[in-house]
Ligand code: GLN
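The data below hold one chain only, encoded as structure tokens and taken in the form predicted alone.
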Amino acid sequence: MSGSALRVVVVYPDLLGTYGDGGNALVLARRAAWRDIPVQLIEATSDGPIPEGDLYCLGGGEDGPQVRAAEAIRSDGTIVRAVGSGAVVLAVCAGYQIAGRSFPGADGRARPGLGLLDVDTVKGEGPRSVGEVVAEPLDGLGDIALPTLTGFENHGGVTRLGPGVVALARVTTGNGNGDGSEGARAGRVLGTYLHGPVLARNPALADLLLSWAIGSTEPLAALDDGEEEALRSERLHAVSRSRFTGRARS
């Protein structure tokens, strides 16, 4: 942690706030505060510099704002430097693509990303990936085991993973990266296509990121996650019911 309080930074909510992914930062701040961990939640809009933080959240956005966000974040340089000093990054959808080496603009041309993840994204040739996702976490995330991941995807990209990353999960419903895997992780940088927000649906993933940010190798103190588990169960049941009835993803 950079100071007396854990600093959780929402990066450019004015550009990367299309799908409500800023809610991930709120989940992180609340779950820290409920454990009496001092925390500061900061919204860093694109009209100013990005502050120093311990945990950065990048969300989804449309093609034009995504390109502008990538250019501004790269020019600012704060996040890349912070990752080099041990900061945690959660990058969702457009943010996930920005965190990689390259991603497509609206014209399909490759645009440079931040290079925090060894992934490249190209425009998919098939239909846009829209709908519920269920994915089983893979090994390589540390000592904290994660349960089945649930989320919602809405993207037209295919993300290719390089040797410098490991996939976050194996998709059982949905498309994710487009090759049967979902998301990617390298060090303390984690990318995913899951909206929801993803941390509201998957509190164990939120706690994993918090443990990285505060430097804990042990599971954090348990919370009463009854409401969160009810949401997870409802979403997972909805996907299972859709499979059983043969309804198409929506």
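Residues carry their position along the shown sequence, with the first being 1. Values in this document were obtained by computation on a predicted structure and should not be read as measured data.
The discussion below concerns the form predicted together with the named molecule, not included here.
Proximity to the named molecule in the predicted bound form, taken as heavy atoms within 4.5 Å, picks out 156 to 164 from the listed stretches 156 to 164, 130 to 138, 108 to 116, 73 to 81. Interface residue remark: A94 is counted as part of the site for the named molecule in the predicted bound form, having a heavy atom within 4.5 Å. At least one heavy atom of D63 is located within 4.5 Å of the named molecule in the predicted bound form.
Along 202 to 218, not one residue places a heavy atom within 4.5 Å of the named molecule in the predicted bound form.
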